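Okay, here we've got a single chain as structure tokens, the form predicted on its own, with questions on binding and movement later.
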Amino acid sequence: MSFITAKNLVRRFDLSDPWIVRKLTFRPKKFLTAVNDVSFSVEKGTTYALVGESGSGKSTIAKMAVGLLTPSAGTITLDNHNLNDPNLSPQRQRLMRRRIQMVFQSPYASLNPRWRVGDILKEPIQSFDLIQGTKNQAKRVEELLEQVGLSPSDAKKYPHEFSGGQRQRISIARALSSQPDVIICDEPTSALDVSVQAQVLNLLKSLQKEFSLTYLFITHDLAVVSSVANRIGVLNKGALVEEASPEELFTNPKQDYTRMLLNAAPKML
């Protein structure tokens, strides 16, 4: 049964000149369609990967799924609830947003360098009012750090004291701190060394199994998702051109664009 569903999803960006310039030059409005009529579904506890080159629309879909962008048309639903329903109460919107969290591409830019790790992890707990009491919150922070393979004592450190792979573990812990059902992984390993990539992917898989998490995995690299995805959707110029299981996609791709992506990842062949 589908847990996340994107239906006829469209996102346009207005690139028009300012109104006064258009009046003087008689230029029409100009729009860029970054996502064009994309539909897919993700079952609970599974990983759906969106793969494509830069500019294919995959990160735009991720931002719409997490609420950073509003669709121009179409819907994204979580557990049959429209994430962009204008009739949702503020309380309901808050609950829905708590259930979907994001791990960003850069482990260097996604963490506040002025905050200690403990404060970074504590912020969602306090914001969503999940745990009461300073001691209980501190205990939860220690649990989160241990769950991602770090030490409880790391709560007192600042992000610059960690390597890139460790920072991404902290980002994952922060996503976990709000007790989500869904984590959007937007190129979470592209800034890491190959050996560290494997460690982070293994961590994500173990956390998914432990907490029944659902992942929407965004990447340009088919090699990355070969071992983590249950279904793969291939995006090209904002359109979903192919969708299949990893086994089917790697052995019998239907589209020339998919074959091009596979050729760009020779280690997969």
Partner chain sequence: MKRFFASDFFYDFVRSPVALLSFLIVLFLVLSAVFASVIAPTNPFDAASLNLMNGFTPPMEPNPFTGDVFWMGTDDQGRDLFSAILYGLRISLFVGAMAVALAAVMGVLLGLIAGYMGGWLDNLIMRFADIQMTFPSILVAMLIFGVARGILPPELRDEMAITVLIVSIGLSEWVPFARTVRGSTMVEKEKEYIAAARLIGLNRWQIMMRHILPNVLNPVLVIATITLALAIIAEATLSFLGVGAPRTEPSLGTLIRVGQDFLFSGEWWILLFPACTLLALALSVNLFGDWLRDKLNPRLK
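Positions refer to the first chain, counted from 1. The shown structure was predicted, so the numbers you read here are calculated from the model rather than taken from an experiment.
We do not show the form predicted in complex with its partner chain, though everything after this point is about it.
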{"item": "All of 66, 106 and 110 with a heavy atom within 4.5 Å of its partner chain in the model of the complex", "value": "yes"}
{"item": "Contact label in the model of the complex: residue 118 to its partner chain, heavy atom within 4.5 Å", "value": "no"}
{"item": "4.5 Å heavy atom contact, residue 84 and its partner chain in the model of the complex", "value": "no"}
{"item": "4.5 Å heavy atom contact, residue 102 to its partner chain in the model of the complex", "value": "yes"}
{"item": "Touches its partner chain in the model of the complex: residue 127 (any heavy atom, 4.5 Å)", "value": "yes"}
{"item": "Partner-facing stretch of 76-84, 132-140, 146-154, 119-127, counted where any non-hydrogen atom is within 4.5 angstroms of its partner chain in the model of the complex", "value": "119-127"}
{"item": "Interface residues of 172-187 toward its partner chain, as seen in the model of the complex [heavy atoms, 4.5 Å]", "value": "174, 178"}
